[in-house]
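Quick setup: one chain, the form predicted alone, written in structure tokens, and binding and motion questions come after.
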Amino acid sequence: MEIKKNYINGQWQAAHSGKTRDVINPANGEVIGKVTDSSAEDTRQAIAAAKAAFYDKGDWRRMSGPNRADMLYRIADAIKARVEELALLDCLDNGKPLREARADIEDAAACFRYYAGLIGKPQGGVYEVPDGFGPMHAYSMHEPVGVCGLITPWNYPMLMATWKLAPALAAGNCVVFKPSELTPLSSVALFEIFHEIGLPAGTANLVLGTGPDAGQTLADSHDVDMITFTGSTRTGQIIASAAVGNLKRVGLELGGKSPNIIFADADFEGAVEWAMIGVFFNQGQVCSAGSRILIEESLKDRFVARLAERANAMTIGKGLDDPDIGPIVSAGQLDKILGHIELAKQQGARLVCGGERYTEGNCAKGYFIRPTIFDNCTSDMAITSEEVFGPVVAVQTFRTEEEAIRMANDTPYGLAGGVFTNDGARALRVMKELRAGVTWINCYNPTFNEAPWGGYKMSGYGRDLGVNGLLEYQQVKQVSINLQPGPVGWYTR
């Protein structure tokens, strides 16, 4: 079995230690690949390569915007040409249904294409100088931050990689990229594309390893000018603390416990359908999942019954079979979710459906969980306040709009939220009061490359996607020009 390696300074390299790590198919627990297991030494080598490429050689940062854009367009075309291959990799090591993996790869190509187009648009501004400074001209310009460390999670292996790599490269930075050790295969393939199209050596470097080794080294390094991370809030706090050492720029997209608020006047079947997407899409392994359904009391019994009917009808199986629900990403994550389920039972939540491991047929050796719904949940239960990151939803009821808003905001997180109602004025009132960075009205989960993505409170700071996503990876420089060289009266005596 071929061992997938790091990509450092334009070369494929094994870890200095010679250690490797197995990649596991969560659908059956079998080994489907081997990757090099990097240490701090390997990571420092990648950082040095990126630093030399940015500061010493400067091929990428000095390249004109149109020429960088051309390279990104070529990356997008190469991804598009390899959709089936890349989708299969995400399906195998992540477990997601094949159609969802295909959609991720298509979106990844679109992300590179979006930032290729954006980098050629006007940036900066010209400013009028106040009287008394003499004839002056002032303008601002956008420049790359420098060496960027990018760390992504396992739930959207290819898509999360492009959310960070595309804008960081578009802006002219050099990067060290660390994907999750659980789902590295499509990231290796993406760097094969970078190599094939001739990205300058050292511009993009890939380090395969764990968070405590590779990730922590990126956060600690004084040679890294910026670090971005998508993942758990606890890990984000560790990264932010480490980044203080050299005051590097930090971007964090962290956990969530997002509310999906449903009023009695909402379109019933539409609300059910979107609630299903909100909590069970990608096996519920989504940071923005609508894992708290807050529903008007008069509609609750009918809604929960219909939601359970739909959940029980979902097909469960291997990602390659394109089911409604695939496996959880790992045995460890499976155990965590089952632990949350048991605690919810102990604390008095009513299990409506699911709540157990699924082992039927060819799923016996995989990490599957039935779609799970808990009713009669209260705000003091862990199931309504802690991120489960699985196909589990907690249902709470409210009577008034004010109560719904209070309950929605009663969490340390603030990533996402949805509102379902046919009263447009109420939808806008509630949405304005939600302390969340990504919100939806009468839908849940649509995401676009053109719109910013990120959270409030302990869901992090900074934004991916959209114009904001590009600005994250840029510095703004002021330039003031004296149009009449020589001394000026206000300064000389």
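Residue numbers run from 1 along the displayed sequence. Note that this is a predicted model, so its numbers are computed, not measured.
One more form of this protein exists, namely the form predicted in complex with a small molecule; it is left out here, but the text below deals with it.
Residue Glu181 is the only one of Asp223, Asp324, Glu181, Glu401 with a heavy atom lying within 4.5 Å of the small molecule in the model of the complex.
For the candidate set Val395, Leu169, Ile151, Ile79, a heavy atom within 4.5 Å of the small molecule in the model of the complex is found for exactly one residue, namely Ile151.
Residues with any non-hydrogen atom within 4.5 angstroms of the small molecule in the model of the complex fall in just one of 273-281, 347-355, 291-299, 332-340: 332-340. Relative to the small molecule in the model of the complex, residues Gly209, Phe229 and Glu253 are all within 4.5 Å by at least one heavy atom. In the model of the complex, the small molecule lies within 4.5 Å of some heavy atom of Glu387. Contact check for Thr203: every heavy atom lies farther than 4.5 Å from the small molecule in the model of the complex.
With a 4.5 Å cutoff on heavy atoms, Ile238 counts as touching the small molecule in the model of the complex.
Although the partner is absent here, Gln216 sits close enough that one of its heavy atoms falls within 4.5 Å of the small molecule in the model of the complex.
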